[in-house]
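Below sits a lone chain in structure tokens, taken as the form predicted alone.
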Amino acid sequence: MLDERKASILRAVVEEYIQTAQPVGSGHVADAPGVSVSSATVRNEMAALESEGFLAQPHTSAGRIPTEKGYRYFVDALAQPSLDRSSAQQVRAFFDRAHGEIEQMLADTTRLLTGLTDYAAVVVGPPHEAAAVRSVQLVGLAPSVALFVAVLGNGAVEKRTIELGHDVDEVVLAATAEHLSTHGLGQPLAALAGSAPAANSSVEAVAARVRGALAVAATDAEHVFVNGASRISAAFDAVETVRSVLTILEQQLVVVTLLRDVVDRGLNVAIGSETGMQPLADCALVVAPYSIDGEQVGTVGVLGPTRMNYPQALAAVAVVGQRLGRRLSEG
């Protein structure tokens, strides 16, 4: 535990470095709010903080920059951050008008988070398989191809293109949709994959194709929405770092696993090596789970450089996660 003077100096270094991305000298720190000591004293304390692993000096004549340990102390010492009035109004207005398909809402939520933080944003959607089916339709796209559409209780619309194997007319498609509705409405989408066979052989042939497509869908990864990946390019000078981070953001399963692992460890911020992924050594991840009707179903988060604006990112992710869960619970 640092004493108050060292803590205030470390806080000043972190805040200055977040703003400028330049090593911080003792003169800047001595003038910072909450630091009421001379530059000489600041230099001595910064040297002590460096020896204790909270700061590093990239060049002999340069100022100091925070280490991963320094960022962690800074984050852990933060009071509960809150959004400024303008950002809070932006979030409120967004969810007041957020309606329609859940996929669109989640995609729009990532854009909201990127706009609030200027970092890459990720939202992991709730699994569709557990949501109750509200309606079922089969629409012919070609003589032997149909589109299966299920509207779910959580607002999601599940669509699957079904290869029928032979020509099927609209009458059989309508009868199949009615059969699936009879056995599936009010049940989870996963249960529809195991619905009872139809008495009519033509209807059953189509229904079997639908069940097969839904069984495959149940093994798919969660729906992941990413926005603002281009912001990563502006955050790092090293091209290889940018390439590595963008590659990770393109892999849905990796993103889901990463966010879930951070949440499971009880963290809301993972800094550098805490992410458990070497390509993210210079990144920080801020996450928050969200719940529908009291059940945790997904995660929102932002990914940026370790010198991110942690108070803003923490506040934005927390508020957006809460409002998203509330909105989805309302249906």
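Just so we're on the same page, rigid core means the largest C-alpha set that superposes within 1.5 Å between forms. The model shown is predicted, which means the values in this text are computed figures rather than measured ones. Position 1 is the first residue in the sequence shown; the rest follow in order.
There is another form of the same protein, the form predicted together with a further copy of the same chain; it is not shown, and what comes next is about it.
Can you check 84-92, 68-76, 195-203, 229-237 and let me know which stretch has heavy atoms within 4.5 Å of a further copy of the same chain in the model of the complex? Stretch 229-237 is the one.
Is every one of A30, V35 and A62 in contact with a further copy of the same chain in the model of the complex, taking contact as a heavy atom within 4.5 Å? Verified in the model of the complex; spot residues all out of contact, no.
4.5 Å heavy atom contact, G165 and a further copy of the same chain in the model of the complex: Heavy-atom contact with a further copy of the same chain at 4.5 Å: absent for G165.
Using a 4.5 Å heavy atom cut-off, state whether G115 contacts a further copy of the same chain in the model of the complex. No, no contact at 4.5 Å.
Flag R260 as yes or no: does it have a non-hydrogen atom within 4.5 angstroms of any non-hydrogen atom of a further copy of the same chain in the model of the complex? Although a further copy of the same chain is absent here, R260 would stay clear of it in the model of the complex, with no heavy atoms inside 4.5 Å.
Non-hydrogen atom contact A156 with a further copy of the same chain in the model of the complex at 4.5 angstroms: Judged by the heavy-atom cut-off of 4.5 Å, A156 is in contact with a further copy of the same chain in the model of the complex.
Between the options A215, V149, V254, A208, which residue brings a heavy atom to within 4.5 Å of a further copy of the same chain in the model of the complex? By the 4.5 Å heavy-atom cutoff, the listed residue in contact is V149.
Tell me, which of S144, T161, T182, Q187 has a heavy atom within 4.5 angstroms of a further copy of the same chain in the model of the complex? Partner contact (heavy atom, 4.5 Å) among the options: T161.
Residue by residue through 246-275, tell me which have a non-hydrogen atom within 4.5 angstroms of a further copy of the same chain in the model of the complex. Contacts from 246-275: L246, T247, E250.
Core-aligned CA displacement of T114 at least 2 Å between the shown form and the other one: No; that C-alpha moves by less than 2 Å between the shown form and the other one.
Rigid core aligned, does the Cα position of I162 differ by 2 Å or more between the shown form and the other one? Yes, the C-alpha moves 2 Å or more.
So, superposing on the core, is the move of L185 at the CA at least 2 angstroms between the shown form and the other one? Comparing the forms between the shown form and the other one, which are aligned on their rigid core, L185 does shift its C-alpha by 2 Å or more.
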